[in-house]
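Only one chain comes next, encoded as structure tokens, the form predicted on its own.
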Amino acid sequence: MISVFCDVIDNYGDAGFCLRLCRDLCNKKYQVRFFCNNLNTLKQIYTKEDQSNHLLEIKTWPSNSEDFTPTRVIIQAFSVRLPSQLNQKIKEANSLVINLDYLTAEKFAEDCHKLSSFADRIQSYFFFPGFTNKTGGLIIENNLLRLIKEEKGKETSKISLFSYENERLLKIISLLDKLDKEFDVQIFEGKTLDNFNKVFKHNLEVNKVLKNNKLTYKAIKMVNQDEYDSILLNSDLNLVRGEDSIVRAMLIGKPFLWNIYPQKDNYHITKIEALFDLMKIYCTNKQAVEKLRSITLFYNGADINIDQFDICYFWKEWKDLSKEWSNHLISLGSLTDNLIAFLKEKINLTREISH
């Protein structure tokens, strides 16, 4: 059995990533206990299949050590810090602890991947998601691969919008309005819809529609992960936020624009730069990478001038670049498979076969 601990910081992103990992481990016949400290957030994105999955147990964090029995493997997502009472039980049980870190394209991810640590006097190992074969890769389910193969290249005249508070959305939308095509823009409720109404001075409500030039805006309710994947697959362009949604958008291979989680001292800008530095290594059209870098940096608050940006000329480049980057990421294999292989190097990890 495997236990996964998640401390929800970035709204849906942290919980979403962990849920996908737990679900994929179950798909490979491993029994999983998923401890999440924000079940209200989780309930908005999990599916009926997650609730009925006999290999997946979703629980809130233990209130005391008596409520917790360590499993053979403990996964601490995103540098989560467990209470000392739980750490003591984990140490006594000699569990294998994996520190599953944040996704980053920075070089230290490769350098620290699989390194051991003795924090809290417990031997653990760092495991980094990433964009190269020197990291753990990304979560890529078999079902997603099948859907990607079916949907790549299809055009739908739709745009998905999922963002944080961001006044520069106004400029990005004005760019998209220059494309010689009409789009339906699907805007998710919550922070995204609030930001849209704020920057455009509208009062759009869920299930309502607003037409403006070539773009038609529709506010939609928050959906579970399967439904969100379907929306991404059926959109020509995905404006995404945080970690979980950017990963799905990149894997799907449609044009994407990332509103990264803002950090102190503009450290999020460093993460953006690192991503495009890597893309420039692995992608053929270096100029297209630089163009996408510029509008991404602008979108995230950097001092970039995009007044002369030719979105119409870039559109085909953007599509080709997205497909090539997706192919590279898929070639790395799934994080789940790479993690299981690492666990098997350390312990005799057995599956829980369902009958």
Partner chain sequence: MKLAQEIRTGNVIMLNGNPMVVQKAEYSKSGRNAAVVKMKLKNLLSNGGTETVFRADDRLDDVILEHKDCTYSYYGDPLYVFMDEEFNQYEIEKDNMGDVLNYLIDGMEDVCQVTFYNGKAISVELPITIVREVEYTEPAVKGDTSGKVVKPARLAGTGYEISVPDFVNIGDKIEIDTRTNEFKKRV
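Residue numbers count along the first chain shown, from 1. Since the structure is predicted, the reported quantities are computational estimates derived from the model, not experimental observations.
There is also a form predicted together with the partner chain; it is not shown, and the following applies to it.
Peer 1: Answer with one of L278, C112, L233, L179: the residue that has a non-hydrogen atom within 4.5 Å of the partner chain in the predicted complex.
Peer 2: Exactly one listed residue reaches within 4.5 Å, namely C112.
Peer 1: Looking at K264, K154, K201, K149, which has any heavy atom no more than 4.5 Å from the partner chain in the predicted complex?
Peer 2: For this set of options, the contacting one is K264.
Peer 1: Pick from 223-231, 192-200, 73-81, 251-259: which stretch has a heavy atom within 4.5 Å of the partner chain in the predicted complex?
Peer 2: Result of the contact check: 73-81.
Peer 1: For the three residues D184, Y313 and E324, which mark the spot I'm curious about, does each lie within 4.5 Å of the partner chain in the predicted complex through at least one heavy atom?
Peer 2: Checked in the predicted complex: no contact with the partner chain for any of the three.
Peer 1: Does the 4.5 Å heavy atom contact test between K271 and the partner chain in the predicted complex come out positive?
Peer 2: K271: contacts the partner chain in the predicted complex.
Peer 1: With the cut-off set at 4.5 Å between non-hydrogen atoms, does D14 touch the partner chain in the predicted complex?
Peer 2: So D14 counts as contacting the partner chain.
Peer 1: My question is simply whether F126 lines the interface with the partner chain in the predicted complex - judged by any non-hydrogen atom within 4.5 Å.
Peer 2: Yes, F126 is a contact residue.
Peer 1: Taking heavy atoms only, is E165 within 4.5 angstroms of the partner chain in the predicted complex?
Peer 2: No, E165 sits far enough from the partner chain in the predicted complex that none of its heavy atoms falls within 4.5 Å.
Peer 1: Output the sequence-ordered list of residues from 84-117 with at least one heavy atom within 4.5 Å of the partner chain in the predicted complex.
Peer 2: Heavy-atom contacts within 4.5 Å come from N99, D101, Y102, E106, F108, D111, C112, L115, S116, S117.
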